[in-house]
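Each of two forms of one protein chain follows alone as structure tokens, named structure 1 and structure 2.
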Structure 1
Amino acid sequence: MRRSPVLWLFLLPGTLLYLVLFIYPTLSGMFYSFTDWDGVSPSYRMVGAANYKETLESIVFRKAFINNVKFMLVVVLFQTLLSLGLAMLLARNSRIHVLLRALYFFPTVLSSVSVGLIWSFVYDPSIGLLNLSLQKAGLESLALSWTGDAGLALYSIAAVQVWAHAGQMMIVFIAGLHSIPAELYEAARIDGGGRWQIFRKVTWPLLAPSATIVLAYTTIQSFKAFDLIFTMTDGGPNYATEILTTYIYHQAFGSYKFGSAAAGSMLFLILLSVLTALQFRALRADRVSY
């Protein structure tokens, strides 16, 4: 093929922007992680791996990591099951099904700040929808301090995350269901398969690529969560909802420990790189074509 030099002009502006405002900051973040910079002073010293050592030994960082894993497990489990269930129920392209799909998807387009404020109100201990409904139903004992209780807050926010994104993952599953050829179902029915058997033998194996996408996306998404937690609890009470991203934010803009925050960012990046590599491997194994 004849390669016109004009093509370089197509690449130039975007690549310049990308190198200056994305690649350079990433590399300079790696550099800061080896310094004691506070983010404000003109000078800083190189401190070697001290920030990494300090971060890995920090109780709050460990707590944030454990919270992040818990948050991920709960969100992945419930979001996957819920979105799969909804997709199975809504796979037909009837009018009402298309309408319900749009309704279930809708929270995805709201900002996390809106979603966070809506649910802060729903969870409000005294005038919130949830506790008032429980009281009306005579279940006062279940009326709890949903985001104020250290043992409960992380799970309350996980529920909101699922509320906001299950509809999006449902669409991925529906696309997967629609890609299964109808003949396979007919053949299975002619062979006398029951509903459960057809699901086990036909639907589930052929849905595996979609399930991989949903699992991978939800895992990475729940590690990157920030806005919702920032809006609803800002890591509290007593670090009960602190996750890695809020930890980094608080280190940098609450304690002005840029070097330490940068080390936290790098550890976070390593974790996400591993997860992303696993995602790509899983997707390739399933031969999903983009």
Structure 2
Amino acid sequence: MRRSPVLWLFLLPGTLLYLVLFIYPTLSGMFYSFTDWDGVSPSYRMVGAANYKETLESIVFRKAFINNVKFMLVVVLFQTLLSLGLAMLLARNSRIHVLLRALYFFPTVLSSVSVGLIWSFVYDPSIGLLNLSLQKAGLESLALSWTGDAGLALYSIAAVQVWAHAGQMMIVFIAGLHSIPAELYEAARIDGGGRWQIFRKVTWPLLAPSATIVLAYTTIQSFKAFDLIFTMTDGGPNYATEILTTYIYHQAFGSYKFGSAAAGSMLFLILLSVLTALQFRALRADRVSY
């Protein structure tokens, strides 16, 4: 296609928005990460790499990083398995399957803040629906302080994250399943392949593009989680649910250490970029064409 200068003009609005909304804030954050700016004062002082050193040596930052990794592993594992299972069960286009898809997709349209508030009520140890249901069922021993127990709170929120976004990933897997030629399944059945063999040899390899999208998106989404944790626990109890995004928020708006928060943001950006690049590279090796 001949490239006319006029065509490049159509890219200009998007490019300007990208520069203003992403490049400028990133460069600005990088600059302030080398200052002691408190976010309020008109003046600031250059402190070099002191903010990065302080952040990396912070016990809370290290705990937030470990919590982030735990949260990501749990969410990626269970959200991928649940969305894939739902896609396998609901891939057909009958009315009941379409209706069930809509029901499972519904939590995705809710805002994260709304989901957090709803589940804060569900998890409430005294009047929450979950504990009341367990008590009515005679399972009082399983009625716990879901977000008040330091050893349980992070996983309780991870379960909500999985519930809220599994439907969205289910749609990606269903699109992948519908793109697989039916002839491949027929050939596999003629060759005597069982369900598990067909899934392992045909379905899963050809779902690699969809799996790449799901794993990359879920990883980034779980690392950037903020709304749910902020509304449900605000990082507590005793930093048990503190992750990198809430740590950065508390540094900026709790301690008024914008320089330190900017340093944490830069480290977070580097970590997320490296993780995403490694994930795409690893999954690209398993991609199958047909």
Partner chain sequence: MLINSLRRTLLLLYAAVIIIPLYIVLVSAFKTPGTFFAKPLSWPSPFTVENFTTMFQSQPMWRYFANSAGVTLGTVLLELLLGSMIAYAIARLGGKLGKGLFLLYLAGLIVPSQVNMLPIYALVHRLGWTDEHGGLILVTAALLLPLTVFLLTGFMGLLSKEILEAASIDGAGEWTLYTRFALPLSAPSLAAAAAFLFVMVWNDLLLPMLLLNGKSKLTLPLAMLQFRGEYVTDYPMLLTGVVVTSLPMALLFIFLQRFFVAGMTAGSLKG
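Values in this document were obtained by computation on a predicted structure and should not be read as measured data. Between two forms, the rigid core is defined as the largest C-alpha subset superposing within 1.5 Å. Numbering for residues begins at 1 and runs along the sequence of structure 1.
Colleague: So which is the form predicted together with the partner chain here, 1 or 2?
Modeller: Form predicted together with the partner chain: structure 1.
Colleague: After superposing the rigid core, is the C-alpha displacement of Ile270 2 Å or more between structure 1 and structure 2?
Modeller: No; that C-alpha moves by less than 2 Å between structure 1 and structure 2.
Colleague: In Å, how far apart are the CA positions of Tyr18 between structure 1 and structure 2 with the rigid core superposed?
Modeller: Shift of Tyr18 at C-alpha, rigid core superposed: 3.8 Å.
Colleague: When the rigid core is overlaid, by how much has the CA of Leu9 moved between structure 1 and structure 2, in Å to one decimal?
Modeller: Leu9 C-alpha displacement between structure 1 and structure 2, core-aligned: 5.7 Å.
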